[in-house]
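Here's a solo chain for you in structure tokens, the form predicted on its own.
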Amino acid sequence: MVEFKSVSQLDNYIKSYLTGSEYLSDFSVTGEISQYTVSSRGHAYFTIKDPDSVMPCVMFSRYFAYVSFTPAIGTKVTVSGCMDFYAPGGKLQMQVLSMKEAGKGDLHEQYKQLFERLSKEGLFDPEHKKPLPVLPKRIGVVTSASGRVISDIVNTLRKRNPYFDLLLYPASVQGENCPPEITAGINYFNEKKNVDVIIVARGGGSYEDLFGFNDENIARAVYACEIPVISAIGHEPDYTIIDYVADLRAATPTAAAEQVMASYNDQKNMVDNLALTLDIAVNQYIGAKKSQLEMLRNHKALHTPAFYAQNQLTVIEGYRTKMKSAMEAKITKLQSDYKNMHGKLESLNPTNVLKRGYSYVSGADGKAVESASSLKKGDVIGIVFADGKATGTITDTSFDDRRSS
């Protein structure tokens, strides 16, 4: 058995072994980029992967400066370099000397195609989003039974409002078992109708770790679910298909717990304020009605009905007197107007004119003769006086030609 005197000696041996290997000192490999970052000094740190394995990589700035495209998560690349062992961190990694684009990764292409298809079907449309209950009595959580996610959710809920029940549906949140188990958990709660809201959650991870949530069956289960669903997958920058179809997307599992449960203290303060406002309003209403009742209770009509009735009779008598005076004044005026009109009519009465010594001539038809020219010799006429009538025959006529013209 070989004995190493220190960890540094062991790490240095591994490093020298790798650099001396014929296969690992100069090779190329094709994979999909994930967990990609560039440091302030221009060094690129990323992981390349295939569906089964991953390999950490580093590309120092002096080599990265010659890359002719902009790498990104999901980009499929062919990298060349050598294996390296970073002794201070005890980390095996590939030191990349060159990189060229080999096309988009398979997982990214799968995601893109599924996203476009479900989007066209309307699974992401805002009108399908259901509102969340303000104070859910029972919360369903679909996530791993172990790890920090479920404990973070429970602790956050307890801090905000201790009055709740939680049902956990344990499910794989990574790997090939993730999609069917997550789908089963959503369908279980939807069929049982035993919770008010559902949280589907997992912690952070690489692109491939979270890829199980880019699943069509999960998306359709969330869309068909009659209970509001909150997705809380990974961290703020991480977006998966379930985030777009869920009724609410939370940046983290902790954020989901904060959004699903209103603060008990906030709700209590709100209720207390509403109760105070209601109490003030009721007291003001009662006070107003008491004042009105007191005014009616002290009214004279209740204490001295006869005296009050006599006062009202006096008031009525005053109104009667005023009305009588108004009617008399009106009648007097009408009588005066009548006399004036009667006098005018009397002054125009023909009989009164005749009484002053006048008379008028009428023809055989009884109508007044207005002109001498209308009479001729032998016509019988009537002469009307104020006190009678006489008859005569015309023997001669003459008239003023100027007036007739």
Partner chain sequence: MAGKIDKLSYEEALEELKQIVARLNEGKVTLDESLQFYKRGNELAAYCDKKLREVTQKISEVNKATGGEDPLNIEESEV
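Remember, it's a predicted structure, so these values are computed and weren't measured experimentally. Residue numbers count along the first chain shown, from 1.
We do not show the form predicted together with its partner chain, though everything after this point is about it.
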Options 79 to 87, 233 to 241, 142 to 150, 309 to 317; stretch whose heavy atom lies within 4.5 Å of its partner chain in the predicted bound form: 142 to 150
Any non-hydrogen atom of D209 within 4.5 angstroms of its partner chain in the predicted bound form: no
Any non-hydrogen atom of V154 within 4.5 angstroms of its partner chain in the predicted bound form: yes
Proximity of T332 to its partner chain in the predicted bound form, heavy atoms at 4.5 Å: no
In the predicted bound form, E181 touching its partner chain (heavy atom, 4.5 Å): yes
Position in contact with its partner chain when the complex is considered in the predicted bound form, options M327, L293, L278, L92, heavy atoms within 4.5 Å: L278
The single option of E226, E116, E216, D272 touching its partner chain in the predicted bound form, heavy atom within 4.5 Å: D272
Partner contacts for 117 to 151, taking its partner chain in the predicted bound form and a 4.5 Å heavy atom cut-off: V134, L135, K137, R138, A145, I150, S151
